[in-house]
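Coming up, as structure tokens: structure 1 and structure 2, two forms of one and the same protein chain.
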Structure 1
Amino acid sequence: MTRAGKKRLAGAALVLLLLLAAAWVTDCDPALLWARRGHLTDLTGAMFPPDWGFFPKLAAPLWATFQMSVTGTVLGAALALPAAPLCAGSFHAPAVLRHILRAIIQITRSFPALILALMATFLFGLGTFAGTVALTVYTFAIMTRLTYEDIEAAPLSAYRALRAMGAAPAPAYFRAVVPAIAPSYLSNGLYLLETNVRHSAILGYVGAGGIGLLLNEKMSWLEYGKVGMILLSLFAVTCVIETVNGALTRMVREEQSLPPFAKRGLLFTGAVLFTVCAVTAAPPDVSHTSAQMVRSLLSDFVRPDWGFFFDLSAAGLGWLLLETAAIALAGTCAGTVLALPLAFLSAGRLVPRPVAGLFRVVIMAVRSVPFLIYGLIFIRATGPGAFTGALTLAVCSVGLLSKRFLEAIDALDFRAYHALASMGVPPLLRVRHAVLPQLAPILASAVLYRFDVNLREAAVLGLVGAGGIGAPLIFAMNQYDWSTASSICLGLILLVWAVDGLSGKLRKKLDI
């Protein structure tokens, strides 16, 4: 065996050991899920047909959910545009400032939107204003990271030429660099808008407004017909947003052209929509916020509970973080295994278009359901614990990974595939030899990204009893135990930082 072959074998063995360890930590028991599958079918059957008479009551919460998503996404993306060059290594921002801003971005990215929303409710009160602030901060952190990475990869010759001619840094950046990164920047912004719609649908669980409050209420009261109506409404909203986003993304990438007056009309419509969402947003409720409360929060937050931080028992921070990472790893692996065949069945270039259309609808339906709802469904079959968390993230991973895989398949060069078909090679062998080699780097990149997302989402699954660090963190915050909350946040930041570093090294090694 060659040296390269030995390395690949060792890498595969290491991955297998990690997956087995994750399965052991999360108590994965497929036999239990199969034995209690009836609980899942009964619960799903209770949601459909939905309670159509409940639909009129959904208009206001649905609008609030959409309002938070649009306002938070636009504000966060707009703030990221001037902040990104200060973080980019290819620009000449002071090194101290660049390192501080990158650290702030990394710390902020460590927290899921739900935790940011809970923090915002302590400062701005309950309601959609706190949710909008959370989504703005969440979008800002992700967009800044993606944008400064695009800047570092972009050619800067035009920018340097303008600077040599005496142009100030800011005008040179907006004239020379922003147009070069605009397609990627706008595509990322559109993707985050779609993501934020799903996030805003669950922010009501912590009092941050939107349809999540109603969803939580109806799930708690076992009014499953009304829950089905809410989920069907979210599916419809997701379909509309995904269709519009797809068209806009094709225009941004210049795959589809529009006359100038149509482009101006789109820009005007978008500006009006954002203005309406921002102007009609609910104001903050600071009636229960005081300077003394904020000082107490800050003073306790900078003094972590080191005893809990270094506790190595099953109730300590170390084990909870390990369990969180194991939930994310097991969920990502299971989701990948399920998403790959689903993506191939959804590709119109590989299967008949009616079949592909049906499976695309399935993928969209899976993606439209908030991840906490999956947690509440699975917990009725497998009970509370990490196994439920792994199942939840597996299904959530299917939605995102299937879409990413499908987009990659649609963009492939199929000449080799058709050549093998003309030679009479069976379909599976055609996929093996002509499609998978092209897909491998894209698949690896998508899986690493999804694991990064799952690590954050695993941090809040404890809210529904699905294991991990989420429950202790949220309980500590709700009880104003800021020292414990601080130690958990610090541990979560270090975990995400370590995984992010490992992911970066894997990307460089795999050249993705």
Structure 2
Amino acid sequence: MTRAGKKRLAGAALVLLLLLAAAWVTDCDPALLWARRGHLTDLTGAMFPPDWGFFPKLAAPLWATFQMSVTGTVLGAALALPAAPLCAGSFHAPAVLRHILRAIIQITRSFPALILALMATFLFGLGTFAGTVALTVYTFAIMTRLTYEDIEAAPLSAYRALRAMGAAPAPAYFRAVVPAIAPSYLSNGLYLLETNVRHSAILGYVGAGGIGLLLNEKMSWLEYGKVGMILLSLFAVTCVIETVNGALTRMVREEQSLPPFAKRGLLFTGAVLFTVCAVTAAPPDVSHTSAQMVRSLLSDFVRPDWGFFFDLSAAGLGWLLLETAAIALAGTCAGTVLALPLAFLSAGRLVPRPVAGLFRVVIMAVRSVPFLIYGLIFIRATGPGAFTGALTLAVCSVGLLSKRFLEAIDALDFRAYHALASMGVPPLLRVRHAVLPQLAPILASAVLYRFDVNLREAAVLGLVGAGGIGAPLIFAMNQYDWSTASSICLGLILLVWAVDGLSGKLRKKLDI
């Protein structure tokens, strides 16, 4: 066997070993799921038919949800624009500033939006304001990172030319660099808007406003018809946003040209929408925020609970973090297995159009349901614990993974496949040697990306009892036990940082 072959074999063995370990840590038990599969449908069945009469009551919270997402996304993205050049290595911003900013962004990125929202409620009280702040911060961190990476990859010759003519750095940046990164910036922003709508639908779980509050309430009162109605309306909103977003993204990437007045009209509509959202936003409710509480928060946060941090037993932080990572890994793997067939079945070039359309709707429906709902459904079959968490993340990963896989399938080049066919290579081997090599890098990249996302999501599964670090973290925060919360946050930051580094290395090695 060749050296490259041996390396590949070793890599495959390592991945398999990791997956087995993850399955063991999460108490993975497919037999249990199969035996209790009947329980998966009873709750789903109870949601149908939805309670149509409930719809009028949904308008206000739906609007609040939308409002939080739009305001948070626009503000966060706008703030990222000036912050990104300060983080990019290619400009000569003071190194200290660059490192501090990058550290802040890396730290913020370690937390799921829900945890940020929970923190925000302590400062700004319950309600949509806290949710908006959380989404702003969340968007800011991700957009800054994506934008500074774009800036570092962009050619800077135009910028240098303007600077050489005596332009100040800021105008030169906005004139020469921003136009070059604009398409990527805008499509990232649109993508984040979509994710934020999904996130903001659950922020109500921690009291940060929006439809999540209602969802939580109806769920715990067992009013499943109303839950069904909420999910249906979320599905409708998701459909509308994805369709509009898809059209806008194509436009931004200039696959579709528009006359200037239409562009201006769109910009104007966007500006009006944002203004309406921002102006009608509820003010913060600081009546419960006392200076004393903020002081104790800050002073305890800088004193993490080291005993808990270094506790190596099953009750310690290390094990909880390991469990969180294992949930994310197992969930990503299972999600990949689910997403692959769905992607092939929704590819218009491989199956008849109506079939592909049907499966696209199925994927959209799966995406539109907030992930905590899946957690609550799975808990009925597999009980509280990490296995439920892994199952939940698996279903949640399907949306993004199948979308990326589908893009890869749409980009497939079948010429080599046909060339092998006319040399007499049998079909299966053609797929293996002419199709898989094209798909593999894109699949690997998507899976790695989703693992990154799942790691964060796994940190809030605890909210519904689905294992991981989330339950102790949220518990500690609600108890104002800031030093425990601080040590958990520190652990989470380190975990995300380590995984970031590893996946970066892996990407470089696999050249993806």
Partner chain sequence: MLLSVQNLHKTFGSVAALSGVEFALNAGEFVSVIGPSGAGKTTLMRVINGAVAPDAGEVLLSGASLTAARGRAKRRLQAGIGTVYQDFALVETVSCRQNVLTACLPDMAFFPAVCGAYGKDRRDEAAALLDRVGLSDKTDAPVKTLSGGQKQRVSIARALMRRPDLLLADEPVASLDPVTGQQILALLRDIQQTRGLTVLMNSHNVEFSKIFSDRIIGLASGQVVFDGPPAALTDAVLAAIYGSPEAQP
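Remember, predicted model here, so these are calculated numbers, not experimental data. Residue numbering: sequential along structure 1, first residue numbered 1. In this text, the rigid core denotes the largest set of C-alpha atoms whose superposition between the two forms falls within 1.5 Å.
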Sort out for me whether 1 or 2 is the form predicted together with the partner chain. 2
Is it true that A419 shifts between structure 1 and structure 2 by 2 Å or more at the Cα, once the core is aligned? yes
Rounded to the whole degree, the smaller rigid unit turns between structure 1 and structure 2 by 23
